[in-house]
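We give C-alpha cells for two forms of one protein chain below, kept apart as structure 1 and structure 2.
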Structure 1
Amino acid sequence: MAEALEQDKSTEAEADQRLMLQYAAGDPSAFESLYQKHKGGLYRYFVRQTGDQQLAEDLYQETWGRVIKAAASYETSAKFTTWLYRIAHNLLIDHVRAVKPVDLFSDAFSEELECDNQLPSDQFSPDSALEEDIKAKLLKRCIDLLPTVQKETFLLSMEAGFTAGAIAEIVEVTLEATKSRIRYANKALKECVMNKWQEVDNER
C-alpha cells in the first residue's frame, strides 16, 4: 500500500515536471493544467499563513507571476511543487521583512523536545458533532497562535502533504531543523487544544 502511494506521488511529480517543461516550450495549456491542479493548495497556504485574504490573493498572484517569468529557466532537479512553494515561501518572507524588520522566521529553539506526533484524541466526552466542531475551531485558533516557522512547517506537512525532506528544501533549512519544528508544533498544538478545551469544559 505504502509503495503504491509513493509510486503515485512519483508519477504525479513527473507529470508536473513534464507539464512545466511543455509550458516552457510554449504550450499555454500545460500551464493551465498546473494552475488548476495546484491553485487551491497554494491559496490556502497563503490564507492560513497571513490571515488576510486580500494579502493572500496578492501573494498568490505574484507567485504564479514568478512561475511564468521563471518558466524558461525551470530545471527538473527539484519537484515542481517544491519549487513552487519555495517561491511562495520566499515571497512570504519578503513581505514579513518589509512590514516588520524583525526576522519572524528565525528559530528560537534552545533545545530538542521529544514528543509524539499525535493531536489530542477524543478523550474528553462521548462522540458529538457539536464537540467535534468546537475542537476543530480550537485547533484552528491554536494553529494561528503558533510561531511563524512552526505554523508554516505544520501547514506544509499536514495540509499540503509535504515530507520533512521536501519542507527542508522549500524553506531552505536542515532536515533536523525541519523535524524539530514539526515536533515543537505538534507539542504546542496538543497542549493548546487541551488547555482551551478545559476552559470550554469549565464554562459548562
Structure 2
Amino acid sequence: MAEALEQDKSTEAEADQRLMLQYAAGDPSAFESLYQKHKGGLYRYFVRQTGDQQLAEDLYQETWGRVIKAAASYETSAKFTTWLYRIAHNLLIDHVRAVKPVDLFSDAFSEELECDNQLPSDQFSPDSALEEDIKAKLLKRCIDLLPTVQKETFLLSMEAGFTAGAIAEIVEVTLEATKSRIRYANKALKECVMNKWQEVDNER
C-alpha cells in the first residue's frame, strides 16, 4: 500500500517534470495542466500564511510569473513541486523582510469567525460527522494562531504532501529543525482544537 503510494508520487513528479519541459519547449497547454494541478495548494499556502487575500493573490501571481520566466532554464534535477514552493517560500520571506511582520500576519479569518459564531446552538448534535466538521473549522482558526514557521511547515505538508525532508530543503533548515516544528505544531494544534471543542461542547 505504502509502496504503491510512493510509486504514485514518483509518477506524479515525473509527469510534472515532463509538463514543465513541454511548456519550456513552447506548449502552453502543458503549463495549463501544471497550473490546474497545483493552483489550489499554492493559493491556500499564501492565503493562510499571510492572512491577507490581496497580498496572497499578488504573491501567488508573482510565483507563477517566475515559473513562466524561468521555464527556459528549468532543470529536472529538482522536483517541480519542490522548485515551485521554494520560489513561493522565498517570495514570502522577501516580503516579510520588506514589511513589518505585524502588517503581514494579521487576523485573517475574522469574517469567518463571525459566521462560525452565528451557528445556532440547536444545530449541534452528537452526530460524529457534525463534530468532525466543527473540529475542522476550529482547526482552521488554530492554524492561524500558529507561529509562522510552524504554520508554513504544516501547510507545506498538508497542501503539497511534502515529507519533512522536502520541507527542510524548501525552507533551508535542518531535518531535525523541521521535525521539531512538526512536533510543536502537532501538539499546539491538537491542544488548541481540543480546548476550543471543549468550550463549544460546554455551551451545548
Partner chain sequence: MKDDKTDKSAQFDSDLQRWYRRVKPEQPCLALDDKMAGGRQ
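One-based numbering along structure 1's sequence throughout. Heads up, when I say rigid core I mean the largest set of C-alphas that superpose within 1.5 Å between the two forms. Since the structure is predicted, the reported quantities are computational estimates derived from the model, not experimental observations.
S.K.: Choose between structure 1 and structure 2: indicate the form predicted together with the partner chain.
M.R.: Here the form predicted together with the partner chain corresponds to structure 2.
S.K.: After fitting the rigid core, is the C-alpha of Val47 off by 2 Å or more between structure 1 and structure 2?
M.R.: No: Val47 shifts by under 2 Å between structure 1 and structure 2.
S.K.: Using the core for the fit, does the CA position of Lys151 change by 2 Å or more between structure 1 and structure 2?
M.R.: It does not reach a 2 Å shift.
S.K.: Ala24: CA shift of at least 2 Å between structure 1 and structure 2 after core fit?
M.R.: Result for Ala24: no, shift under 2 Å.
S.K.: Core-aligned, what's the Cα displacement of Glu191 between structure 1 and structure 2 in Å?
M.R.: Once the two forms are fitted on their core, the shift reads 2.7 Å.
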